[in-house]
Ligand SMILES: Cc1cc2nc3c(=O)[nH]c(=O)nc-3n(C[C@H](O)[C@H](O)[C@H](O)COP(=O)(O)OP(=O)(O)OC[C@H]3O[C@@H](n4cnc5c(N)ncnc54)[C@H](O)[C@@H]3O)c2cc1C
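We begin with a single chain expressed as structure tokens, specifically the form predicted on its own.
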Amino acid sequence: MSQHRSVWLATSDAPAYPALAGDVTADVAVVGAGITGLTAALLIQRGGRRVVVVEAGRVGGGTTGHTTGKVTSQHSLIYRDLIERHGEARARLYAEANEQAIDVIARLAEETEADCRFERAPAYVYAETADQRGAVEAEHAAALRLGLPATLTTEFDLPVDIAVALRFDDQAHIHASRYTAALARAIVAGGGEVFEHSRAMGIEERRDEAVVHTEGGDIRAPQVVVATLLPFVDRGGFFARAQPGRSYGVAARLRGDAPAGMHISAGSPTRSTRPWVDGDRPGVIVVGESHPTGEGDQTPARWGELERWTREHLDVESFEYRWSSQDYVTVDGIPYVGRSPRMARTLVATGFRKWGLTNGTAAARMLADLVDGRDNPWLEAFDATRIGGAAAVKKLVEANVHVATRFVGDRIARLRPASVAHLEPGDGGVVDLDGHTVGAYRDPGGELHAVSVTCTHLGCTLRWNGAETSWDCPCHGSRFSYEGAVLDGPAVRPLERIDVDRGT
């Protein structure tokens, strides 16, 4: 039976850091200890500034710790779309930023002596059918225009029948959690501080400083970097300009060698693979089954589909780990990086489109340049204050109409919930409990846990996620444990817990 845990977090050597207890000062406060926050903190520190990093959970324990581990500028079928939306110049900036991020990760892995298994490998996006071939060929033409290391091929090391594949050379994959652990150690060794289990609750900008308010104390600094997947302090309306989505992953041991390359299908359902080594035993990681957060069929069957596909194409000995992850996609396809709108001292990075290892590293370089007052050519494309063209505005309107529909429709649905008596052990859902609509979960031992189903971010009605035993917001992606604790922002406050009769 596979462990319900990320393969990277389960096999990481990350040291523990204390929680913030009291007030501290710094030259730059960094909120979020994933790849973006830690890389930015290390680069800023190397520029001569004292940094303090604060993390709500564990170092590298968020989306970075649940990634596929691909370090690549090959982001499925994206470059033709970026050229059509933004023009060739901005698409080239996106391509250059992500291609150079690979080398940054290689350099930092070596300099920090990270035991992260950084390995070069080709990355493929492949068409399985003739009607998908045209899209892959168009992507090849776009990639060549942008100077990317792309070739079309029918030679393929994944045992899947294909019409054609687009190959990017000199890409890489890593053990993500060991890499972020090494970054954190380097920050502390260089005089910085890292605090875990210290959720930031707000940022107050003053005339001569910014103050990050956390559960355990305040951090005062002239500048703040917010690297929290989606900014929890959001004067720029990022929650309305980026859409949350979840993906699922499995790690399998194989009886024979794993394919050496990294792969992602051009068609649906998406299947993304990369090799994985467990000790000296070969394996593979398979990711897919994506859906908008809080929507779709959120059950363990998602992992079952990935396992079925893996067994169909590879000689599986066992499945060792299963997990899921969350990221945001911006309305125009490029992350938002830079100074937060309507804030003078706060920098942000969000919307990495599930390619956070390279996009997050590129963002960190841009943020470090902003802190040091250096020009960065990529910021023109990634500008956090941009609105986008007509297509982006149209998509923004559609997304927010969808949110409004959810807000109203889900509240109407709450007026007619089923009885809590219908919940069997292991089940959860919105139910009636003594005349009140609540979110309830009956654990395998029969104990009932009940919470408010109103998201503490902006008041949307939460949905039950049976795969992760969590309460997920379909509006902006906040997630909570069945006991109400915040798992993912932008919410920072837990759900109200409802007292129940343990015998109910």
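Keep in mind that this is a model prediction, so the values were computed, not measured. One-based numbering along the sequence shown.
Note that the form predicted together with the named molecule isn't included here; everything after this is about it.
- The candidate spot formed by Leu9, Tyr179 and Glu289 is out of contact with the named molecule in the predicted bound form: none of the three has a heavy atom within 4.5 Å.
- Residues of just one listed stretch (59-67, 463-471, 443-451, 44-52) have heavy atoms within 4.5 Å of the named molecule in the predicted bound form: 59-67.
- In the predicted bound form, the named molecule sits within 4.5 Å of a heavy atom belonging to Lys354.
- For Gln326, a non-hydrogen atom is located within 4.5 Å of the named molecule in the predicted bound form, even though that partner is not displayed.
- For Val24, no non-hydrogen atom is located within 4.5 Å of the named molecule in the predicted bound form, even though that partner is not displayed.
- Although the partner is absent from this view, Gly439 stays clear of the named molecule in the predicted bound form, with no non-hydrogen atom inside 4.5 angstroms.
- For the candidate set Tyr126, Phe168, Trp378, Phe232, a heavy atom within 4.5 Å of the named molecule in the predicted bound form is found for exactly one residue, namely Phe232.
- Residues of 174-198 that come within 4.5 Å of the named molecule in the predicted bound form, judged by any heavy atom, reduce to Ser198 alone.
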